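Read the single chain below, which is given as structure tokens and is the form predicted alone.
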């Protein structure tokens, strides 16, 4: 099947998407009949209690997981119909990922940690040039030859952001990107992400517990009882707690 995209103003579309798992005590519902659209160039924060399915939602957006029912369309491509090899190629060319722990390789410099993620796909010479520019963009021009052990937690996370942006992906997903950072470093990273989102015309989706992070988004999507809802914190609180059998 071709990877050609369908023209769409939406970066991500969920159409009646559900994801359930067979557990030891019965069926566990991570998501229930989710219909959701994220516009291109939008910053969206996905919030909800720990274990509520935020990571499942992000994984479905890029084909790291498959829905039990419904359709996921990302950057104009219906992911349901793509094979694993096609999904891998799609992610390599179109998606950047930032994690709570950047998982940097200790024996490599910051520059080498950025480059190594894309080596199977492009020449090293091209990647080094682009990686240097990205490390400058995230404020690490004086630290790019340092190994992770000589970088602060915030600096290591900035390396992870630079690595995620290598190849100019239009979609950037961040799963609890500030979970290991203090308040001041969190504010710095959030400011950086907003700056990079505008500079590179990114669609940015952040799964987070942190109000500093969610407060910087254009829109907050709350995950409640396996259902995605837009609205204020007060509206979501009024809906009550997730029911038994949901992923908490």
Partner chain sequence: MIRLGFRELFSRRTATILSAAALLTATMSFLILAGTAKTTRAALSGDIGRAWTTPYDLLVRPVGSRSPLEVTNGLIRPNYVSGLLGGITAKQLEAIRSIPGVDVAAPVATVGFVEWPSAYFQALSAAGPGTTTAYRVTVTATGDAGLSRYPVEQRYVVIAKNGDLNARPTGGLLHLRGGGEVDCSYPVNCFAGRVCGFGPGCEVGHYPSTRDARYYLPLLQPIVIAGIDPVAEAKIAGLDRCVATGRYLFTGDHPLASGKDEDPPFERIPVLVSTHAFIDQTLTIRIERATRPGLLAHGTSPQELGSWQPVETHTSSSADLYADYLPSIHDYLDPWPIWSAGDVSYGTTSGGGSGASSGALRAEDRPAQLGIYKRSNTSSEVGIVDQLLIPPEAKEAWFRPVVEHQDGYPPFPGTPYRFKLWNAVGQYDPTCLRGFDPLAGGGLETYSLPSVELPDGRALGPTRSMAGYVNSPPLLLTTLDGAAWLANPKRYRGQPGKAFISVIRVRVSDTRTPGAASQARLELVAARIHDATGLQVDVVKGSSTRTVRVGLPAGSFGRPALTVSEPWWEKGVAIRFTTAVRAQDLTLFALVLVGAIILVGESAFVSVRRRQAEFGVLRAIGWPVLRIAWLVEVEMVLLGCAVGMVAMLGGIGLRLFLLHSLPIGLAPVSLVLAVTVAGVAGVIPALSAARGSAVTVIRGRARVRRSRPPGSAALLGLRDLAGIRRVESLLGIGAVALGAALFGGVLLATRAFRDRLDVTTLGIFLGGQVRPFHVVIAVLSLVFGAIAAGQIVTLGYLERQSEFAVLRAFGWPRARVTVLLAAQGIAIGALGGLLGGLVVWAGGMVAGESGSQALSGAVAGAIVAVLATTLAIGGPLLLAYRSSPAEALRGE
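Quantities reported herein were computed from a predicted structural model and do not represent experimental measurements. Residue numbers count along the first chain shown, from 1.
Separately, the form predicted in complex with its partner chain exists; it is not shown, and the next lines address it.
- Shown without its partner, this chain lists 73, 82, 97, 137 as candidates; in the predicted bound form, only 97 has a non-hydrogen atom within 4.5 angstroms of its partner chain.
- At least one heavy atom of residue 88 is located within 4.5 Å of its partner chain in the predicted bound form.
- Its partner chain in the predicted bound form comes within 4.5 Å of a heavy atom belonging to residue 164.
- At a distance threshold of 4.5 angstroms between non-hydrogen atoms, residue 185 is out of contact with its partner chain in the predicted bound form.
- Its partner chain is not drawn, but in the predicted bound form it has no heavy atom within 4.5 Å of residue 42.
- Heavy atoms closer than or equal to 4.5 Å to its partner chain in the predicted bound form belong, across 111-131, to the residues 111, 112, 115, 116, 117, 118, 119, 120, 121, 124, 128, ordered by sequence position.
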